[in-house]
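Structure 1 and structure 2, given next as C-alpha cells, are two forms of the same protein chain, each shown alone.
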Structure 1
Amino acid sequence: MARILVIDDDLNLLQMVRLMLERVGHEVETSHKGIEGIERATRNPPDLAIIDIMMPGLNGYDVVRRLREHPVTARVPILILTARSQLMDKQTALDAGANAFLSKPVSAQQLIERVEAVLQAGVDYRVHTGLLTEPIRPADAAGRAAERAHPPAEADLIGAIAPRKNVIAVVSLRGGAGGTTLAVNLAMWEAQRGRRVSLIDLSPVGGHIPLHLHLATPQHWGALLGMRSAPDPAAVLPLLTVHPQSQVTVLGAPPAPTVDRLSPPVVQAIVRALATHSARVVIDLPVLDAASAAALPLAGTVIVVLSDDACSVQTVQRLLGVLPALGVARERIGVVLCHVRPTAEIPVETIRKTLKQPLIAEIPYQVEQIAAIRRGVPLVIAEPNGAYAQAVSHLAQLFEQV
C-alpha cells in the first residue's frame, strides 16, 4: 500500500482517481490547487504524486519543477495525468522532472498498472507506454537545470531535430527479419556509386555489422557512453572504421552487450555529424530504446523491416502505431518485406491487409544470403545481378527520387 497525492482541479477526476486507487488498497490524498498540493507534499511527502497539467494558477509543469527543487519532495516519483496528450506535452513534462505520463481519459486498469510501475521503478526511472522503464541519469537532472538557466537558441533547436534527407534508419525489432542485412547492403549499393557513406550500428547487444563485413571495429560508440551533452563532431569522426573494399565508414557498436545507452543528445549529435560528413547515412536500429528514439526524428526515411512470419507482422503493426508519437511523420515511413526463408509463412496480401499500409519493397530470399554473411561480402557486391541485389537497387533508387 502506498500513500498517493493527487493534484487536479477537476473534482470529477479527483473522485474517480481516489476510488480507483483506494479499491486496490492505496491511501489517497487529494488537492485541487497546485500551490496547496505542494504544501501538502512538503509537509508530508507522499510515495507518489499524480499531477494534472492544466490547472489555473500554478500549472502542472510548475508544480513538478517546484517539487523537484524542494529537498523534501525532490525524490517523490511523479505521474502526469492530463488531457493535453500531444508529444510536445509529454516531452515538456518529462523535461520538468516527471517520471511517467498518462493521457485522460484513463481506465482504472491503465491507471493502476502505471501507478504500480512507477512505484516499483522509483524516482530514478521513467516509465513509458507499455510500462517500458528507462533510467534517468543523475546528469540528466543537472543538465535540465543548466538548460533552464541557459536555454539553447530556438533556431538551434529547430535545426537540431529537423529530419535529414540523406539519413535512412532501418528499423527491425524482430531478430532474423533481415534488417541488418538490408542496412549493410543499402550502404554498399550507395558506396558502389562512388558516394561517401556512413553506416551506424546502434545495436546495444553487440552489433552484427562487423560480422557482415568481416570488419573489426576497435573504436565504437561505447566511448561516448556516460556523456549527457552533445559531443563535438570532431570527437565522433575518430570512432569510425573504414571498410577497405567499399570505403564505407562504420560506427560500430560495443562488441559486448551493454545495459548503458547513449543519451539522446549524443545520438543526435552523432547522426548530425555523420550527415554532414557523408552523402548518405544508414542507421541499423534493431531495438527501440531512448537512444533509437532520439535518432528516428533525424531520419529523412525510416524503413521498417519485417519478415513473413506472424510475430514479425505483429511487431511491425504495433511499431507503426508508435512511430508517429516518436516524431516520425507517416510520409517518412516505408515498410519493406524481407523473405528470409525459401517459403513464405504468410501471403503478402494478408500482410498488406493486416498492416493497412503499402509495402514499398519486397526483398526476395536468395540462397546465397547465408554464404554472403559467412564470407563477409554483402550480396550487392558478391551477386550484383542476383534477385536480392536487384531488389535492394530498386529500393535505394526510391530514396534518390526523394
Structure 2
Amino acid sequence: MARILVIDDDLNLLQMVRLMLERVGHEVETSHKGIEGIERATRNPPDLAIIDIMMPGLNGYDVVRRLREHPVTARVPILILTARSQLMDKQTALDAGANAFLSKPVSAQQLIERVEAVLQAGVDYRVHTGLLTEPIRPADAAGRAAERAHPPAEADLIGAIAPRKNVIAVVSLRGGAGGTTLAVNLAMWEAQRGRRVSLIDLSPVGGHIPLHLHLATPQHWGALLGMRSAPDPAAVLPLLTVHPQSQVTVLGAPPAPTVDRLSPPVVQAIVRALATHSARVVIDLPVLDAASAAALPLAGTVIVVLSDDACSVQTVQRLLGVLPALGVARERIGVVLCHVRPTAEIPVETIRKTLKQPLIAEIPYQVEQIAAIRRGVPLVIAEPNGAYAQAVSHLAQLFEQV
C-alpha cells in the first residue's frame, strides 16, 4: 500500500480522510498547514499528496507549485480535494501541476477509486471524472515544472510518446460489437503473409482471445502487476504464448477478472518491446482505463469498432471526443462498423451522420462466425474466401504502407 500525505486546514476532514485511507491499508500522514505539508513532503516524499485549495497562508495552488518545483517532490502525484467545484478551479489546479481534482463532499468509495487511479497512472498522467486518463504534455505548466526538477533525456521523451507505425490498437468499449474478433482476425491475416505478429489482450476481465484461438496462455501480463516502473524487455518476451497454427505470439490477460491494472510505464514498455520484436502488433482494448490510455498514444493506427445498435453508436460518438485528449491524433483514428447480426438495427448512413466521421470499413455478418469461435479457427483461416475474411483483408491492406 501507499504512503499518502494529506494537507488540509480542516482537522475534522483530515481525520475522516485518514480513516478512509487507512481502512484500505494505506499509510497516512496529515498536515493542517501548507508550508508544514511542504516541509514534510520534502523531508520524506510520499507516494501521493492530497491537498485542499482554501487554506490560510499558503493556498493549495501554491503548495502544488512548490512541490512541483522542488527536485525531491517533483515526481509525487497530487490529488486536489476541495469544496471548490467550478471548472476554473479545476483548470487552475491542473495547470499548477495536480494530477486529479475531486470536489467535497466525497464518499469513501469515490476517494478510494480516485486515489487508486492516480497511484496507478502516476505523475505523468491526469485522471479525470470517470477515471479516464490523459498523458500530460511537456508543454503543460505541470510538465514544465517537472522537467525543470527532473529533466528527461530528449530520446526518452520522444520514445515515450511517438506512435509506432507497426502497432494497431483495436478499441471496442461495447461488448458484443466484434472488437476482439476483428483484432484476432487481423493478427491472423498478417501472420498468413509470413510476418511475425504479436497480439496483446489488455482486457482486465479475463479476455476472450484464448477462446477465439483455443489457446491456453499459462503466462500472461498478470506477472507484471504491481510494477510501477518499466520492466526490461527481457521480462516481457517470456510471457508470450505461441499460437501453433499461425505462429502469432499472444500476450494474454489473467484468466480471472482483476481489480489491479498495469501501470502506464509497464504498458508502454510492453508495447515498445513487442513493436521491436514483431513486424506487426495488434492490441485488443475492450475497456478504457489507465492501461489503455497509456497504450493508445503508441499506436500508429487506432481502430474504433462499433456495431449497428444505438448503444454502440452512442459509446463510439463519445469515445471519438475523448481520444484526442488521450494523445491520439484524429488522422490516426479509423472507425469500423461490424455487423454482428443478420439485420442492421440502424442504417449505415444514419451512423455516418451521427458520428460525423467516415467509416474506413464495414465488416459483414457471417453466420459461420459462431462455428469459427467454437472450433478456435478464425474466419480468415477457416473461410478465406468468405465475406468476413475479404472485408478484413481489405481493411488490413489499408495499413500495408503504415
Partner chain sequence: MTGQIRQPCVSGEFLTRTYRISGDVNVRTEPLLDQLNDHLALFVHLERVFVSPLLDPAALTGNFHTAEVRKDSLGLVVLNKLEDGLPYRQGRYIGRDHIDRPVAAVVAGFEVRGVIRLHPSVNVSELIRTTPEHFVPIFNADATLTARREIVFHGGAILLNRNQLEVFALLDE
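Numbering for residues begins at 1 and runs along the sequence of structure 1. The shown structure was predicted, so the numbers you read here are calculated from the model rather than taken from an experiment. Only the largest set of C-alpha atoms that superpose within 1.5 Å between the two forms is called the rigid core.
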Matching the form predicted together with the partner chain against both blocks gives structure 1
Pro45: with the rigid core matched between structure 1 and structure 2, does its Cα shift 2 Å or more?
yes
So with the core overlaid, does the Cα of Pro347 end up 2 Å or more away between structure 1 and structure 2? no
Original post:
Using the core for the fit, does the CA position of Gln369 change by 2 Å or more between structure 1 and structure 2?
Top reply: no
Core-superposed CA shift of Tyr61 between structure 1 and structure 2, in Å, is 6.9
After superposing on the rigid core, the Cα of Glu36 moves between structure 1 and structure 2 by an amount in angstrom of 12.3
